[in-house]
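Just the one chain here, the form predicted alone, laid out as structure tokens.
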Amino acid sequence: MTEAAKTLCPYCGVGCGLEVLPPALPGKAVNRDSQGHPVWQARGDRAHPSSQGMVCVKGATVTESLDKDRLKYPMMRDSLDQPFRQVTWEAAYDRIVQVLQTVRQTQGPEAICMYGSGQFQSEDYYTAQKLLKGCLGTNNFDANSRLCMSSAVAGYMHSLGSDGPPCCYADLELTDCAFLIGTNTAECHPIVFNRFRKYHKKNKRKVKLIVVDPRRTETAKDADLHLAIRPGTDITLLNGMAHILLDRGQIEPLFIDECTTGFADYAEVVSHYPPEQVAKVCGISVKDLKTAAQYWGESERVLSLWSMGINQSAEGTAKVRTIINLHLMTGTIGRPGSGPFSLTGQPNAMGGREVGGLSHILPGYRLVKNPQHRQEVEQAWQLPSGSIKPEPGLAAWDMMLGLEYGQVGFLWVAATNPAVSMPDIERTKAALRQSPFTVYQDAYFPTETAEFAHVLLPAAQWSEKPGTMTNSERVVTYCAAFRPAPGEAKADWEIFAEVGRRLGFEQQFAFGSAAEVYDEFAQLTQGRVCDMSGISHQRLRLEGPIQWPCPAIETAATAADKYDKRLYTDLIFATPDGRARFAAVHAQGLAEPPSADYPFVLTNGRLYGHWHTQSRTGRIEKIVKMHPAPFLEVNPRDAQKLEIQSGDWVEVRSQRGQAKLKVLVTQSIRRGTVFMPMHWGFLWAEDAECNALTHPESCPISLQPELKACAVQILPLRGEQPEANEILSETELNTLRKPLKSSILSGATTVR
């Protein structure tokens, strides 16, 4: 290949278009990294409607990891204390199928679980749904999107009748007021924020930016108003703003009467949130609270954006619905520059929702509990009636509990790293070690989860297989395969399909290509909110990215604009009566509030350069130099009381575990709250795992754990200090990882 391949960045949900150039261009030497691997060059795709040629450091360096520490061949072992041995695909398939059949016969299909990922392409996701929910008869498929966006899914469904963000990125450049809550957009979704930042700077007098965050992040630094609320007081703040808007009469009575239900109950709830009380609970001034309400109330077009700070909460669904309440009461939805806009965390978390990639949903925004929905999918999959079970399967944390209780006999993990990302990580590791049989399918090795696997399957990643991903604004992009997969790695969907065929479902998995998989899935969306029946691989290759809804037979509304489409522009929602629903909810606060023994609230999040658990970014030298080690942000007043300063080491303890970190004293975090990044597992730093501290309490509706907040104590480490993590060269990093890789291969590692 001598031309640029068009694809999508495989990191966050912004969905930036990339052009990737081969290592050797005509007349030029081969571009190689320090280890001699040929390196493809990534740059922004100016033609992509979402990112418009922009790219962050992660996208710009992503190709540098393609040949580093790749899992190339299937590996097996009989028990976790034995070494892995390389095997053929035939042997791996035989073992997987044999165990699956045994577990189905002895424990039933409910003992089979798969834990997937928003890193999947839609074709991978869809094939897994067909295998698990259809052919194997278990709804025990869940994904790391449960830790990411399930509260947004539930909030949209309960308030608007269906999942699917109603906004698009063009609204960033049309709004009068952007209300950002629970999102550090500048660092976690940088290209989205860059689009808004340019617009905001040009229209400073007219356009307002409100940022709600306990930290003064890079996002908050650009705000016209920063509300540094106490963690867990989001609903109090939102209800307090609603109280002020109602008092001022800044509502849309006609819209409320004709397009919504439940307003009277909602108004009664918000009457209990007067400004003085709200300001005291949130830890902000009455003036700032009233200013926030003023900015919202005086704006014709209000756009709210949120991410993990809202979703990862025991009140996650209620928080999302309370944000939507403000849009419903002011009529700021279904029109340009307005609406509630969740920012998905992963590149294809949206695609996963479309194909049914959580334990309670089915392809095409259908529900497992709905008899008609199950029947429609069974018919499409040519399966007998009753093949799809009517009860939702196990969610992510419930799978860990199932392992604890001996109820799970087969666990298949693909494209994710739960031995780092799950809450209460020591308990998670103990549960994973109890698994009778774990298949782990990934592109990289080692990872922390590989330590708990019986079978390792090498997966092709985004550069090595064709497929599609859907970003936060519902734009579907075709990702070309521009290089061969290393060794014997295979596309995830191919692995799932082959297992299905060997289990006797040849007809259901007679796919010859990823394009055929997508065509089958797209037809299942026909007539649904997420109608993609007019999209195909061929059309995407010819025309470029396409935003849904995109039915096979276009209407005037869907054909009007190829990209900047909004949902609910007719103000008819996806509920049975066409009306949106207000949620009348009181604030409950944190699931684990601070106490005398654990007086601080720990919050956590991403850093600009790193991604998730570093399986990819930890192997890119530039990013490691940018973020060499974890740290703990502490307010100066708290630091003074603890008698610590920047550079000192502390031990952070919760009721579940501890971590040792260097301190960064900063005014950018409010008193009583501390922050640490989430990226470091035991392969990358000693005793610095964020989720050693977090708890598994979750939202009762979305089942999303409250990963964003837990109560901790801080103990200064006097005298002998742990060795600091220095910035390492690529050679030093490889030297560090070799013994870890060897120990996993030999079965010598132990759960930490």
Ligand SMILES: Nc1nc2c(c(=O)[nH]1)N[C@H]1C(S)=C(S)[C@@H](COP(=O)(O)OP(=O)(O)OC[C@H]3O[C@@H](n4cnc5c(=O)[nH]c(N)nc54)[C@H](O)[C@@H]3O)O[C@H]1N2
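In case it trips you up, residue 1 is the first one in the sequence shown, and so on. The shown structure was predicted, so the numbers you read here are calculated from the model rather than taken from an experiment.
Another form exists, predicted in complex with the ligand; not displayed. Remarks below refer to it.
Does the ligand get within 4.5 angstroms of any non-hydrogen atom of residue 312 in the predicted bound form?
Yes.
At 4.5 Å between heavy atoms, is residue 444 in contact with the ligand in the predicted bound form?
Yes, residue 444 lies within 4.5 Å of the ligand in the predicted bound form.
Do residue 610 and the ligand share at least one heavy atom pair within 4.5 Å in the predicted bound form?
Yes, residue 610 sits close enough to the ligand in the predicted bound form that at least one of its heavy atoms falls within 4.5 Å.
Find out whether any non-hydrogen atom of residue 68 is located within 4.5 angstroms of the ligand in the predicted bound form, and reply yes or no.
Result no; residue 68 lies far from the ligand in the predicted bound form.
Within 4.5 Å of the ligand in the predicted bound form, heavy atoms considered, which of 393, 605, 339, 356?
The residue in contact is 605.
The single option of 346, 438, 122, 525 touching the ligand in the predicted bound form, heavy atom within 4.5 Å:
The residue from 346, 438, 122, 525 that makes the contact is 346.
Can you confirm whether 147, 465 and 679, the three residues that make up this candidate site, all sit within 4.5 Å of the ligand in the predicted bound form, judged by heavy atoms?
So, yes: the whole triplet contacts the ligand.
Select, from the options 258-266, 649-657, 671-679, 154-162, the stretch whose residues sit within 4.5 angstroms of the ligand in the predicted bound form by heavy atom distance.
Among the candidates, contact is made by 671-679.
In sequence order, which positions of 290-310 have a non-hydrogen atom within 4.5 Å of the ligand in the predicted bound form?
Contacts from 290-310: 307, 308, 309.
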